[in-house]
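Consider the single chain below, provided in structure tokens and representing the form predicted alone.
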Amino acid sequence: MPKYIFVTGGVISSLGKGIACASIGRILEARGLKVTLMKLDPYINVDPGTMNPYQHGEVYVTEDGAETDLDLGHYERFTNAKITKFNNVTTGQVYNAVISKERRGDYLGKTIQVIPHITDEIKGRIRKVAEVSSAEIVIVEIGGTVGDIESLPFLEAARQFRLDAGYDNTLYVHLTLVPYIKVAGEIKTKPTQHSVGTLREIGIQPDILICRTEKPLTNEVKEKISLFCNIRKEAVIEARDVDSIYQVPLVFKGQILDEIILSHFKLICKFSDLKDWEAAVVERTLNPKNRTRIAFVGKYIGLQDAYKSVYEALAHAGIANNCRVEIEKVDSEDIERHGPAGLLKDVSGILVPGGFGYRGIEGKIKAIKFARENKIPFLGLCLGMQCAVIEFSRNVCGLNGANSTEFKAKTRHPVISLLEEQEGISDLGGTMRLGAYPCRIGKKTLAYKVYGKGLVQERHRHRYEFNNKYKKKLEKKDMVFSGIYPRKNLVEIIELKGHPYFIAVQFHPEFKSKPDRPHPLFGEFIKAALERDRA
């Protein structure tokens, strides 16, 4: 039978449950166990696909095309788990499924209630993940904060799981805050006591406490937490703030968290000291030999989580090049107001990420023109590629007014437009080109040099495509269409002749980057930036 770890959070949100889950997954994988992770989200949206980035943060796309919570990105970056549509469950999905069954008559006239029908649906989805993944350990992150009304059905399902699977097959981890009150010079355990108390009222006694803290937890503090929260002292884990999230597995390993978990499950596994992770990832992250400065020209830069995977992919590229990547966040609307020269003059590379809507688009186009004309290494992602096509069409090919029909429906030159199958779609959720698609790469191109092979699979999340009617006109001016989705002859990668590194892609390579296996497009981009620094 698989073993199940349920991870909850208390006191406040944004404590880092996703990082904690991913780190637990990492240290258990290192012990030779097959791990998978899933996120239970209490919001009523079916998925985050239609949510504003400022509301939700990044939408992470899985290989099979699910639009999911950004924590699933942490799961894939830290572990080898293959995350799918089954690994993210929302209240909206659960209620939608139960109501659909009721309408079909599946419940044979019964009164439908939260217990057992909603909780049974949740438990069934957890078991489904275990079945599909064949994992030995299933780590289940429950979103929200203990005490929130929205997450109660998920917590009740977690409580019931121990009755179904047994004590030896279930383990409860609670992530909490132990604040330091500066004026008093004291660490306070009362918020943790109250949080655990609320969890126990629901019927869950945590087996392990992970305590987020600025200051070290003394033996006295740990003993107090142990006594009042009814948890063994050695199971009170200190999670102090660190310089890099990739240190967290080492922090947990240093407090034998893996041994505590394995002991609870009565498992005997091979030993691992995580030295490979420490040397290949952490040491290079903390003590790089080089540094470079990259302009990140986006429209949601006010929220760190809006571009989470892209920031992490740049960090991974830095690890690969033994380099600290300093990200200069530039609001594309500021470029519209002030021009690109003053904001971009001191950078060694320019990256334009994805997004939706017309706001800030002209600023992105100006930034791309600046990169092209000044031979600054450039990487465009999704909307970044579309903006690169628009810029080149206007300023090199003389197609005045060239645009995307997303921004101007009646544009004279629709170099970016909807596919026929996208026209007339009224439902916005889950109807874009989503998930992994093959891309065939032409030989003797920059893309082929970067990837080292002629066929790759990359993840998509977009509705608009390059208009092939303009392909020959752009090719005559030295734009190279180096990557194509063969089944529908759709452009996936563009690049420019005579530029040190100018490449833009219709897909999202950031979703496949890992700290110990950086995506080649990002790795070569940072390499090109470093070469510019040395020139």
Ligand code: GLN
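Bear in mind that the values here come from a model prediction, so they are computed numbers and not experimental data. Each residue number is its position in the shown sequence, starting from 1.
Below, we refer to the form predicted together with the named molecule, which is not included among the displayed structures.
Here the chain is shown alone; which of 207, 406, 156, 336 has a heavy atom within 4.5 Å of the named molecule in the predicted complex? For this set of options, the contacting one is 406.
The named molecule: the contacting residue among 360, 355, 143, 73 in the predicted complex [heavy atom, 4.5 Å]: For this set of options, the contacting one is 355.
Taking the shortest heavy atom distance, is residue 464 within 4.5 Å of the named molecule in the predicted complex? Output for residue 464 is yes: heavy atoms within 4.5 Å of the named molecule.
Using the partner position in the predicted complex, report whether residue 386 sits within 4.5 Å of the named molecule, counting heavy atoms only. Flag for residue 386 set to yes.
Hey, in the predicted complex, is residue 26 touching the named molecule, heavy atoms inside 4.5 Å? No - in the predicted complex, heavy atoms of residue 26 and the named molecule never come within 4.5 Å of each other.
Just to confirm, residue 382 within 4.5 Å of the named molecule in the predicted complex by heavy atoms? Contact with the named molecule, yes.
Given the stretches 456 to 464, 248 to 256, 208 to 216, 129 to 137, which is the single one in contact with the named molecule in the predicted complex, using a heavy atom cutoff of 4.5 Å? So the stretch in question is 456 to 464.
Do any residues of 501 to 523 have a non-hydrogen atom within 4.5 angstroms of the named molecule in the predicted complex? If so, which ones, in sequence order? Residue within 4.5 Å: 508, and no other.
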